[in-house]
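Next up is one chain by itself, shown in structure tokens, the form predicted on its own.
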């Protein structure tokens, strides 16, 4: 294969998904036998600077000592990237904020032997930013601070970068990416960029390596054939949660995403307790379908008291919307948003777990499986099995597994 060479320079404020995109992009390229390597400025800083540099003042543009250290780290990684491409490397990914035009001009001046593609990650969703910051402050460098101090310091770090932020517009080759929704906002190509088609295709593709999709254990409403509500798990449901915890205790599950309903969080809790380091993140996007005026009713009662509702829903289960509630079709936007949040907040190599509900999990599966709309409400979602999902540019794998 032709030994094509390319520099990719990530751009963006902290906690915007740059490192996640860089890691997934590298893995995608390596899968295609492209020799790719990441040169991360933060990793190099933590390895080479003995004193703790997590404090916000280190990143202040008026701190001349901090600026000099960060510029030297950037230069070191540029030199390493250049050496990699001058050897047998194909793609060198510079993973740093590179938020100022001055920094990007230095990159272009120093690395002028091969094309450079800048990829800017943009995401202004405050909920996602807050969750991303919580993930960032899990790093050891913040271990000496309280949670509140770490959050305050990281937000001050972001403000320091915002004060010198300059948009991509003069660079010869760049992509501005909405990193939450995997959408290219703007692109400019002045040179022939090796691997561009597969890079761009990757950037707009939802990929997940190991997703465990679980339905909550048996709830009290399940035994009464009632829909919706916020009932607790039964003894059988708690036993199912315990069996799940035992099944997954040897797998590392850093994050478990649930709905805001008790039955999903009660299912997730024993799994979390069996892990060394695990966080449960409830997302409203994964709440069960809102059945409106039928909430907490049994199907038998709906049929007897609201025969028109029962008949209309039976005719077109996917598109039917409960009066004052939702339907499968109207859930799609929030379910897709929840999936994007879960993937955004997870590290590329992590196992991801979602504990959801029957209708919700059907929608999540259809997101990856591309089922016909009319078939989605009939996807099999048992409580004694879970779905394992792996879907990338190169592979799609779905498996229903028993956990006891």
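Residue numbers count along the first chain shown, from 1. Values in this document were obtained by computation on a predicted structure and should not be read as measured data.
Keep in mind that the form predicted in complex with 6-O-phosphono-beta-D-fructofuranose (F6P) is not shown, yet the notes after this line are about it.
Asks: Can you pick the stretch from 146 to 154, 264 to 272, 284 to 292, 73 to 81 whose heavy atoms fall within 4.5 Å of 6-O-phosphono-beta-D-fructofuranose (F6P) in the predicted bound form?
Replies: That would be stretch 284 to 292.
Asks: Is the gap between residue 237 and 6-O-phosphono-beta-D-fructofuranose (F6P) in the predicted bound form 4.5 Å or less for some heavy atom pair?
Replies: It does not: once 6-O-phosphono-beta-D-fructofuranose (F6P) is placed as it appears in the predicted bound form, residue 237 has no heavy atom within 4.5 Å of it.
Asks: So, in the predicted bound form, is residue 128 in contact with 6-O-phosphono-beta-D-fructofuranose (F6P) at a 4.5 angstroms heavy atom limit?
Replies: Residue-level check for residue 128: no, no contact with 6-O-phosphono-beta-D-fructofuranose (F6P).
Asks: Within a 4.5 Å heavy atom cut-off, is residue 334 in contact with 6-O-phosphono-beta-D-fructofuranose (F6P) in the predicted bound form?
Replies: No, residue 334 stays farther than 4.5 Å from 6-O-phosphono-beta-D-fructofuranose (F6P) in the predicted bound form.
Asks: Please determine whether residue 66 contacts 6-O-phosphono-beta-D-fructofuranose (F6P) in the predicted bound form, using a 4.5 Å cut-off between heavy atoms.
Replies: No, residue 66 is distant from the partner.
Asks: Within 4.5 Å of 6-O-phosphono-beta-D-fructofuranose (F6P) in the predicted bound form - does that hold for a heavy atom of every one of 215, 328 and 358?
Replies: Yes, the whole candidate spot contacts 6-O-phosphono-beta-D-fructofuranose (F6P).
Asks: Go through 98, 222, 160, 182 and name the one with a heavy atom inside 4.5 Å of 6-O-phosphono-beta-D-fructofuranose (F6P) in the predicted bound form.
Replies: When 6-O-phosphono-beta-D-fructofuranose (F6P) is considered in the predicted bound form, the option within 4.5 Å is 222.
Asks: Sort through 137, 255, 321, 227 and report the residue having a heavy atom within 4.5 Å of 6-O-phosphono-beta-D-fructofuranose (F6P) in the predicted bound form.
Replies: Checking each option against 6-O-phosphono-beta-D-fructofuranose (F6P) in the predicted bound form, the one that comes within 4.5 Å is 227.
Asks: Taking 6-O-phosphono-beta-D-fructofuranose (F6P) in the predicted bound form, which residues of 296 to 315 have any heavy atom within 4.5 Å of it?
Replies: Contacts from 296 to 315: 299, 313.
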